[in-house]
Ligand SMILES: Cc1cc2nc3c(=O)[nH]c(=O)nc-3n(C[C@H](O)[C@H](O)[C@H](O)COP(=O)(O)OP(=O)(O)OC[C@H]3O[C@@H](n4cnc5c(N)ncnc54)[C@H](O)[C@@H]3O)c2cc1C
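Next comes just one chain, in structure tokens: the form predicted alone.
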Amino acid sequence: MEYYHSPDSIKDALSMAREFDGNFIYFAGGTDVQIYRKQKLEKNEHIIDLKSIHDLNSISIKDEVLSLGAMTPLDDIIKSKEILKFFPVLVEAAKSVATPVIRKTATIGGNLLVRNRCTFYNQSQEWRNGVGSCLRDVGDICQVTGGKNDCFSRNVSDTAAALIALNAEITLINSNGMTQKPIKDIYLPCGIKFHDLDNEIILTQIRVPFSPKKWWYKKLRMRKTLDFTSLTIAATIDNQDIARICLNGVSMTPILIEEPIETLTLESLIKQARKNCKTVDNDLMPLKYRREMINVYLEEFWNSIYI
């Protein structure tokens, strides 16, 4: 049995969340949730749709600081001339997500909180039953590594990589009030519990504090549209010449490397990336190729700095 709810305020949404006591899911654009429900990976009975809360859909830039409502569709970000002027790396990331039709519905907040993916987990229930399921579902081992302790499903948010490279912050609200934290701090290095937000929390706003002096973005996937990332790298250099390079799609959580450009070398950058990315064979692209492409993309970024 499924029950659909459409609150018109954050207060009402939080009240419903408390009433349903964990047996609910927030619904933003719904492009990811719909797939999970079809595959019977999402089984909560109550759907709380946030699209009627108009305060969550806004774009404003003041003194080159971007404030973005979490329910803003990715397509609105792509079409914003102001975002393109000051934060082109975010536009590039949004353009790389899914397809034009999906981007009209998918939201920036939903993409930041997109669930981790794994070729052994994100399948139909019949397929999962056939192979014996896994730690993240009802099994007792990781089908990728054979281990019994860790799940290595991949964080696949393209906009997370861009926003972390931009040192963005998010605003979160629950019944205890409002908090703000860097986006990079919400993610956990765990394929099962991949962020530290409790079920009740609503992500309301994203704030980007600076326009970068330089930026670079690239995404690897099987097809140019539709497919989730096999490797995303977003990088920025600010006015103090601090480089922020974020890799995603190759580990349980986005991996950030932050260092003054004058002390950073290509060799150390690649070494840090390969060391921190827990890349395993849980993607359609071969593991060896994905690891090699980390080197290739980082070298491309490095060469772009001096153009």
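Keep in mind it's a predicted model, so treat the numbers as computed, not measured. The first residue of the sequence shown is number 1, and the count goes up from there.
There is another form of the same protein, the form predicted in complex with this ligand; it is not shown, and what comes next is about it.
Chemist: Does any part of residue 105 reach within 4.5 Å of this ligand in the predicted complex? Heavy atoms only, please.
Modeler: Taking the distances in the predicted complex, the answer for residue 105 is yes, it comes within 4.5 Å of this ligand.
Chemist: Is residue 228 a contact residue for this ligand in the predicted complex, using a 4.5 Å heavy atom cut-off?
Modeler: Taking the distances in the predicted complex, the answer for residue 228 is yes, it comes within 4.5 Å of this ligand.
Chemist: With the partner left out of view, is residue 13 within 4.5 angstroms of this ligand in the predicted complex by any non-hydrogen atom?
Modeler: Close contact is absent here: in the predicted complex, residue 13 is far from this ligand, nothing within 4.5 Å, heavy atoms only.
Chemist: Give a yes or no for residue 35: in the predicted complex, does one of its heavy atoms lie within 4.5 Å of a heavy atom belonging to this ligand?
Modeler: Looking in the predicted complex, residue contacts with this ligand include residue 35, since a heavy atom lies within 4.5 Å.
Chemist: Even though this ligand is not shown here, does it sit in the predicted complex so that 74, 109 and 156 each have a heavy atom within 4.5 Å?
Modeler: Every listed residue reaches this ligand in the predicted complex, so yes.
Chemist: Of these, 255, 243, 50, 66, which has a heavy atom no more than 4.5 Å from this ligand in the predicted complex?
Modeler: Selected option: 50.
Chemist: Among the candidate residues 186, 78, 170, 202, which is the single one with a non-hydrogen atom no more than 4.5 Å from this ligand in the predicted complex?
Modeler: Of the listed residues, the single hit is 202.
Chemist: Picking from 175-183, 161-169, 78-86, 109-117, which part of the chain touches this ligand in the predicted complex when contact means heavy atoms within 4.5 Å?
Modeler: Result for this chain: 109-117.
Chemist: Looking at this ligand in the predicted complex, which residues in 28-44 have at least one heavy atom within 4.5 Å of it?
Modeler: In sequence order, 28, 29, 30, 31, 32, 33, 35 come within 4.5 Å of the partner.
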